[in-house]
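Presented below, as structure tokens, is a lone chain in the form predicted alone.
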């Protein structure tokens, strides 16, 4: 059932069950608001969304007022603007706000658009949330020019003892979004309002850490925070991204839809494409740190004598192809796992069969922890591996080993050729989720150094060996050759994935690599047997 109402003199049609605010926003009509959020039910606490409605006493909150047939709403009268401005002034009494009312603000913004890194935030110029702060937007909309009372800085220490999240309660305006999203997503809130009166703050019961309080580290609280009070420790100083790509998480078979952001081609953050259901700690926090690791393989290397020497791609492939021609037939094997895209694996199999004439294409399905293990068939003397999937001792019987990977491993140290591979959100392609559905993988950032997509490495190696039919230009060409059904994102879920509901269910490995060795925060979270993951010394 629809209803017709008038907002600021414009006739609009409301959907059944909509509030005035929802109707206005859907019709591209702005009403300032703070405590409400698209992923949260109406709350009516901040009083920033006050409006005037004919026939209704006072100034109702538009976020909690349902629409009615014939309703006449005014959102921008002088009285409403005055009330909003007074409300914002009160909200800012304990928030570092000098920059918001500074008469040099416009000049400062012109010459210092980026926030300066600082231990404590004393104003917008030292706030990591500067470029996306909702308080700044409201202050501009309401022409905030002065505060009636000097702000009082709370002088609370910045909380950095928990993984992934920095919390600066000096910036908190007590909107309650973080508490409500935690309860909405997990049926109980890890955090709550603690204390009373001017001592009220966001915290955990009995002063526990987030880890001890059972936080799932889904990051939903960061996503809804309107200030810089809660921030992603890895991404906080990278500012507003210059590109955002919708892609799929490949850390596990849940294949959650992600919104991956990047700055100047470097992946800086990831979050759920839709915020209605949480994603796990790996999908929310692990991707940027994993792909941007300082030890990533970035240049091809070929063993010369006893050492691996860096070489240009053309020379490395030429040397590899010349040596590989000695191992055609079943003396050659290729080992990969299903974290590679369908397109990659299709080319791998074609290479094994058509170029090497071998029957030993070995594709591994990772176990519930993401561990992929395989053995080499008898008679194999040369192998190409896309990860650390075979025990090092088993490699001693090989005469030639090619490793195509993203990070060095004990296996790559034994290899004759090491080729740097692009992974995850650095490539285009298709993956298959745990239910057998095709999900798209889209490139969101540039691979490091000279790393290349796996399918491209194989096509160029095939070309160097004189093979025909491998002159493919893109992952799309391979998808077309495969003839698979259209891949679609999974933005909406009925329930959270297992690892989002309980972080101990998460995978511990990706493509033979321990995730906790590449992503620092993960090492502090126990797995479901109650043990804290063992980490490499100094890793």
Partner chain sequence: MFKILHKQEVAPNVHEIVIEAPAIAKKAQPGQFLILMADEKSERVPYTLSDWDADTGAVTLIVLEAGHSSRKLILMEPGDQIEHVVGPLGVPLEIGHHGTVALAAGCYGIGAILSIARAMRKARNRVIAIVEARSHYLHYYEDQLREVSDELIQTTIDGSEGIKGHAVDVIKKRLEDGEQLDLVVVVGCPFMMMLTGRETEPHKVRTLVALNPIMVDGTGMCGACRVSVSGEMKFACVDGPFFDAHAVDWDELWDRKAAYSQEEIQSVERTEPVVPLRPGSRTDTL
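Residue numbers count along the first chain shown, from 1. Just so it is clear, the structure is predicted and the values come from calculations on it, not from any experiment.
Keep in mind that the form predicted in complex with the partner chain is not shown, yet the notes after this line are about it.
For the residues 240, 160, 82, 468, the 4.5 Å heavy atom test against the partner chain in the model of the complex is passed only by 160. Contact annotation: of the candidates 152, 392, 198, 143, the single residue with a non-hydrogen atom within 4.5 angstroms of the partner chain in the model of the complex is 152.
A residue is said to contact a partner when one of its heavy atoms sits within 4.5 Å of a partner heavy atom; residue 166 meets this definition for the partner chain in the model of the complex. Of the heavy atoms in residue 234, some are within 4.5 Å of the partner chain in the model of the complex. When contacts are judged by a 4.5 Å heavy atom cut-off, residue 322 does not count as touching the partner chain in the model of the complex. Although the partner is absent from this view, residue 420 stays clear of the partner chain in the model of the complex, with no non-hydrogen atom inside 4.5 angstroms. Between 109-117, 174-182, 250-258, 357-365, the stretch whose residues reach within 4.5 angstroms of the partner chain in the model of the complex through a non-hydrogen atom is 109-117.
In the model of the complex, the residues of 178-216 lying within 4.5 Å of the partner chain by at least one heavy atom are, in order, 194, 201, 206, 207.
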